[in-house]
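First comes one chain, alone, set out as structure tokens in the form predicted on its own.
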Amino acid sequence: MVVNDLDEAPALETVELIKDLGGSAVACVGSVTDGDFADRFVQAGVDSFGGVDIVVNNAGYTWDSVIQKMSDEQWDAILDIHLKAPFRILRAAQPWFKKLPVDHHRKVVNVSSIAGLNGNAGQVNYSAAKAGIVGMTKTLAKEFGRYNVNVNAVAFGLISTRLTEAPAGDGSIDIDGRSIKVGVNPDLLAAFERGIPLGRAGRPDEAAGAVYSLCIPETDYVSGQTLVCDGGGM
């Protein structure tokens, strides 16, 4: 497995956890929006494991505003990480999908969002990017099918992560020198959860389970689909 993170420490920590569980992993540190990242990332998989079997495009963050207050920088930054970066990675992977023997299914899972399916006020950039991921998924399922590559997407609802749990105004992350506020107001978060039929936000392991389900042999005849993982809210 090739593990990516912006920072070296969490990437290496994840690599060690995978090794402790009996797996094999290497780190590829850096921003997925860097111009050379896609080639470097794919090459890390080829050099370490001889090819590319599964690609999960899940990097991202949000930078919200209503449209009249949204800058071109906000729009471009979110489209770059959620849409251009997966495009570049899968473009870099295509020669290896084509080159390697088609003796088993390879898998691509792109992470979308219910915001990309339904829209979400204050997130025109994020919603547009996540809608684009659905279109990319459907198109590449058609292009990559001849290589025995399944391409699917998972559209997440509310998942408990540091991006949603930190109190609004207190938490922030540093992205390319920008300090981006993260988190949802606790009252608003509680209201969101009340609207979910299962009554709560999803856990990270449950989100991972949805991705995993599209990477196993039992879904070898599923391609071009978007699996909604949102506790029943759609």
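Residues carry their position along the shown sequence, with the first being 1. Bear in mind the structure is a predicted one, so any value in this text is a computation, not a measurement.
Beyond the structure shown, there is the form predicted in complex with a small molecule, which is absent from this document and is the topic of what follows.
The partner is absent here, but in the model of the complex a heavy atom of F156, alone among W96, F156, F144, W75, sits within 4.5 Å of the small molecule.
No member of the trio M136, L214 and T226 reaches the small molecule in the model of the complex with any non-hydrogen atom inside 4.5 Å.
At a distance threshold of 4.5 angstroms between non-hydrogen atoms, L6 is in contact with the small molecule in the model of the complex. Among heavy atoms of F49, none comes within 4.5 Å of the small molecule in the model of the complex. Remark: V32 counts among the residues lining the small molecule in the model of the complex, judged by a heavy atom distance of 4.5 Å or less. Of the heavy atoms in L83, none are within 4.5 Å of the small molecule in the model of the complex.
Residues placing heavy atoms within 4.5 Å of the small molecule in the model of the complex fall in a single listed stretch, namely 51-59, out of 190-198, 51-59, 66-74, 38-46.
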